[in-house]
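The chain below stands alone, shown as structure tokens; this is the form predicted alone.
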């Protein structure tokens, strides 16, 4: 048995045996972020690419930004970005080594920021059918079971485009539900940026790309639609959360842009009429594996009008 496998089994056994802990420690059974070291063990290429992105590098620079102190003062609370709850949920991610260890802010946005806290699924996700079975030799039945169990335990796969997009929009749309609308209004007043035009395909395939192979045009079109759906749902929900006219205006623009981008997409009419998570998921289910590159390809900023070359985004 390798050290890595032993560590996984040991941590899993601890999670099953320990009683809930209070006082700022993680309650047993509740998934927690273990940090990118647990992921890069198997995903080394992705980790190397991630280390070149702003998600990685801003950990050491974001608090030095010329507007950082002003924004911190505006939202109140801790005067350190890592400790301020209105800042750290987006700008940092944790590392927690065991169920009873204290979570530490040690990275910028990392693997689990998008793919979910790994403590619940990491052991299942890394088991291909036994300690001596490699990924290439995994039995189809075991793979299906592993995928289902890891998903149930909280893993957000790259193929789950809507769920990935929801996680992106929480921060890139200033739409974290755990942050008050009042705080968001103060952030904007202190000149915290909000990018209403944030688009997930251009972002993920460009400066934040962390996988070697280019996605197909059909896959990117699906991701674009998922991103617009998540954008519409989050913007609609957040528009009424703040009395700040600037914040509300920004969210209404996000919603209007998303509605325009979703025109002609199968199943989008109900979502446009009544933006909700349930309607967004129903639309994505209705789309299934349909290739929508001919419908939305030219709407993706990195493709422009030439949707035939969408896979090069």
Ligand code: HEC
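Keep in mind it's a predicted model, so treat the numbers as computed, not measured. Positions refer to the first chain, counted from 1.
One more form of this protein, predicted together with the named molecule, exists but is not displayed; see below.
Taking the named molecule in the predicted complex as the reference, which of 252, 47, 282, 272 has a non-hydrogen atom within 4.5 Å? Contact check passes for 47.
If the cut-off is 4.5 angstroms on heavy atoms, which of these, 77, 240, 193, 130, is the one near the named molecule in the predicted complex? Of the candidates 77, 240, 193, 130, 193 is the one lying within 4.5 Å of the named molecule in the predicted complex.
Would residue 235 show up as a contact with the named molecule in the predicted complex if we use heavy atoms at 4.5 Å? Contact check for residue 235: no, nothing within 4.5 Å of the named molecule in the predicted complex.
Hey, in the predicted complex, does residue 39 get a heavy atom within 4.5 angstroms of the named molecule? Taking the distances in the predicted complex, the answer for residue 39 is yes, it comes within 4.5 Å of the named molecule.
Taking any heavy atom pair closer than or equal to 4.5 Å as contact, tell me whether residue 162 reaches the named molecule in the predicted complex. Taking the distances in the predicted complex, the answer for residue 162 is no, it never comes within 4.5 Å of the named molecule.
Could you confirm whether residue 182 comes within 4.5 Å of the named molecule in the predicted complex, counting heavy atoms only? So residue 182 does not count as contacting the named molecule.
If the criterion is a non-hydrogen atom within 4.5 angstroms, does every one of 230, 248 and 300 touch the named molecule in the predicted complex? The answer is no; none of 230, 248 and 300 reaches the named molecule.
Using a 4.5 Å cut-off on heavy atoms, what residues in 206-221 are near the named molecule in the predicted complex? Heavy-atom contacts to the named molecule in the predicted complex: 208, 210, 211, 212, 215, 219.
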